[in-house]
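A single chain comes next, written as structure tokens; it is the form predicted alone.
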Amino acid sequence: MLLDVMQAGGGFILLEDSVQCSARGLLRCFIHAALKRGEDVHVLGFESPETQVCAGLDSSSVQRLHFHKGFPDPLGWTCRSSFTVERFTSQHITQLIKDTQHAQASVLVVDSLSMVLRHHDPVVFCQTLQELRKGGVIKTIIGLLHSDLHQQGIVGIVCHLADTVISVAPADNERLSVAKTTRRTKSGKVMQEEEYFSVSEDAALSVQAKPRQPGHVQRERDVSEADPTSNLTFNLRLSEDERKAKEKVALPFVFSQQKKSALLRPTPGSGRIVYEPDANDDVDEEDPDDDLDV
């Protein structure tokens, strides 16, 4: 799935890493893949120099790569950067891309989103991402997020905005890393897969399927084949004759149309109260409350 996401592109792709395992090499692979597709790539580089991003690219690819320098002065304190964190708004970025854009939509790479989140309100940050996605100028947004620098709630919100989340973690083999890819399709279906991957110096990505744990397949088969009604002392299923007999039984509080008509049909003398005084009744018409001792 990792190779499919990298080759197809589109939507908001989030690369999530931590201090234990970096996803910067994977980010370079996505940049190279977009350039090979003939797309213009705009990199907002807040944490890496341009030489590191352009390493291994040929001259034709470099012409389609637009690096907007935010390193080493992302906050603009020494005026050494052409793009600062403060300018991370949909208006600035859209105009920046339009000035250098060809006819087709571009790819926006943010290295990294953590730098922006540390100096922007999370709500405003999410609104900016949504506006960029719906603006029509950008086809793909690829962002690097250092998850261990933020609260889990903020990380969860950013992951919810993304169409694809790739979380990297160290593997037992030092030469490999584990990528957990979570992809959400337009229909709402969520697909997940874990794979081993490695990145060479020229940004070539190698992917290996992660083997399942021993006994996992057998355990799934046992669960699917188990019948919870096999050892019961009573029968939970009905035969065809029993089902037909059940359907013919009249329910106690369900009246037929004939019975309803009989109950609702008025009869002579109905609705009257007839009172006949008893011999022991002592009724004083002048004082009806005499027996109350008032």
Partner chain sequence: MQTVQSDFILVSDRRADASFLIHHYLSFYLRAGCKVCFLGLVQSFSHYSAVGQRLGVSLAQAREKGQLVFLEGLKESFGVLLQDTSQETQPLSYLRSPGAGLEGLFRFVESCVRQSGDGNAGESWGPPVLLIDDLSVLLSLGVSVGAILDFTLYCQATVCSELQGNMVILVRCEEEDADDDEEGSNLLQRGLVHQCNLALHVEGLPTGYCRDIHGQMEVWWRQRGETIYNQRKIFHFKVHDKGASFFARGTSSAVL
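Since we're looking at a predicted model, the values are computed, not measured. Positions refer to the first chain, counted from 1.
One more form of this protein exists, namely the form predicted in complex with the partner chain; it is left out here, but the text below deals with it.
**Student:** Residues in which of 35-43, 58-66, 232-240, 22-30 have heavy atoms within 4.5 Å of the partner chain in the model of the complex?
**Tutor:** Of the stretches listed, the one contacting the partner is 22-30.
**Student:** Could you tell me if His150 has a non-hydrogen atom within 4.5 Å of the partner chain in the model of the complex?
**Tutor:** His150 belongs to the contact set for the partner chain.
**Student:** Would you check, heavy atoms only and a 4.5 Å threshold, whether Leu75 touches the partner chain in the model of the complex?
**Tutor:** Judged by the heavy-atom cut-off of 4.5 Å, Leu75 is in contact with the partner chain in the model of the complex.
**Student:** Although the partner isn't part of this model, could you tell me whether Tyr196 comes within 4.5 Å of the partner chain in the model of the complex, counting any heavy atom of the residue?
**Tutor:** No, Tyr196 stays farther than 4.5 Å from the partner chain in the model of the complex.
**Student:** Quick one: is Glu201 in contact with the partner chain in the model of the complex, heavy atoms, 4.5 Å cut-off?
**Tutor:** Glu201 belongs to the contact set for the partner chain.
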